[in-house]
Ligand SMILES: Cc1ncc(COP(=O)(O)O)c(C=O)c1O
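This document opens with one chain alone, in structure tokens, the form predicted alone.
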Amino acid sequence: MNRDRFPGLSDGWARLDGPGGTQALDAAIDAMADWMRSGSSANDGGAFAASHATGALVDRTRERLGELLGGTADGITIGPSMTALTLRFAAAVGRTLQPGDELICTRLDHDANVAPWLIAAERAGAVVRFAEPEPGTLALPASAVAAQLSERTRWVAVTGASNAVGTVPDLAGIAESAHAAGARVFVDAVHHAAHRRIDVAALGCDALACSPYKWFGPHAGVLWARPELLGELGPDKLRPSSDAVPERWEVGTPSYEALAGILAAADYLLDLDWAAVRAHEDALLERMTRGLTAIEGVTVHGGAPDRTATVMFTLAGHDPEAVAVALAERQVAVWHGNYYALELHRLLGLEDRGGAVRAGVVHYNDEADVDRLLEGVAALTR
């Protein structure tokens, strides 16, 4: 699907490293180069034409991101990375916490949606409780989070989809339970966004963050939050900078060329046939999972009923890094280690064993990519 739209795929590699960063879309690459050549690049807020053009680019990008995420432009903050934005957001939340207040994180999450809340809780004297996925499948039902809720819960931080094993939690159910307990919900949609259409209204979350480079754009971070929440919380900021929402949440001068690329990537996602994407990826997931489990010595970790096309596996007698190196020799790109899913690797007892191998499919992958992975892993057992 749309494989010719991604120039980076022309080198012949089977790129199954998408969960760590996807290949850039042709239109995003061109948009960034065109912006930098245009002469329009200037800081926003000036009285001259180039500055007006920059301001218009910012406005257009916010509008499209709001549409992409199912929110509005006044809830969109753009920053250097999801991690940076989440650290800043959690720090602002932390200043509203009282000793004994509680936050809930999950064992499925990337550390970018765990460590910021641990830091905020430690500073405030608050408590962090963890929701754990179901053994075996590593599914995360709403009941797993509900079991940790109390009258002291202030925020629930949960992944939109596990970057390690692909599990898609029951986000709407989690948000409903959290709100019933008087808590708010922050979703890490970094891995989610390349695989499913996002609608913050349908999810019922209060804030959500993602990374355009995980959905075919440039390196940056995007945070959506309810505009009233962005006004209620107080981020650290410079004195002369705007105190308006959402501008007060953005620190320093942004990469305007990156905004041009983000805008192009957002346009692409908005035009995707998401039902076709889901069907294509699910077929590749089934092929990959069936093939790996048929290889002697391979353990596939997880298998939630609702998951993205991301597989984490170990091969008995083989260090995960050695497996990744052997696959790279066949021009198959996968990740090894913990990929910042620290809590999950600790839960599974993998952290002290070099982690695991992760192979992830996005819609530009095909059966040949999956088959090369399977052939490479099988060759290690002979």
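Start at 1 with the first residue shown and count on from there. Keep in mind the model is a prediction, meaning the values are calculated, not measured.
What comes next is about the form predicted in complex with this ligand, which is not displayed.
Only one segment in the set 213-221, 291-299, 255-263, 116-124 has any non-hydrogen atom within 4.5 angstroms of this ligand in the model of the complex, and it is 213-221.
By the criterion of a heavy atom within 4.5 Å, Val156 is excluded from the residues contacting this ligand in the model of the complex.
The shortest heavy atom separation between Asp188 and this ligand in the model of the complex is within 4.5 Å. For the chain shown alone, Pro19 is a contact residue for this ligand in the model of the complex, at least one non-hydrogen atom being within 4.5 angstroms.
At the 4.5 Å threshold, heavy atoms of Thr83 reach this ligand in the model of the complex.
Between the options Val165, Ala225, Ala112, Ala131, the residue in contact with this ligand in the model of the complex by a heavy atom within 4.5 angstroms is Ala112.
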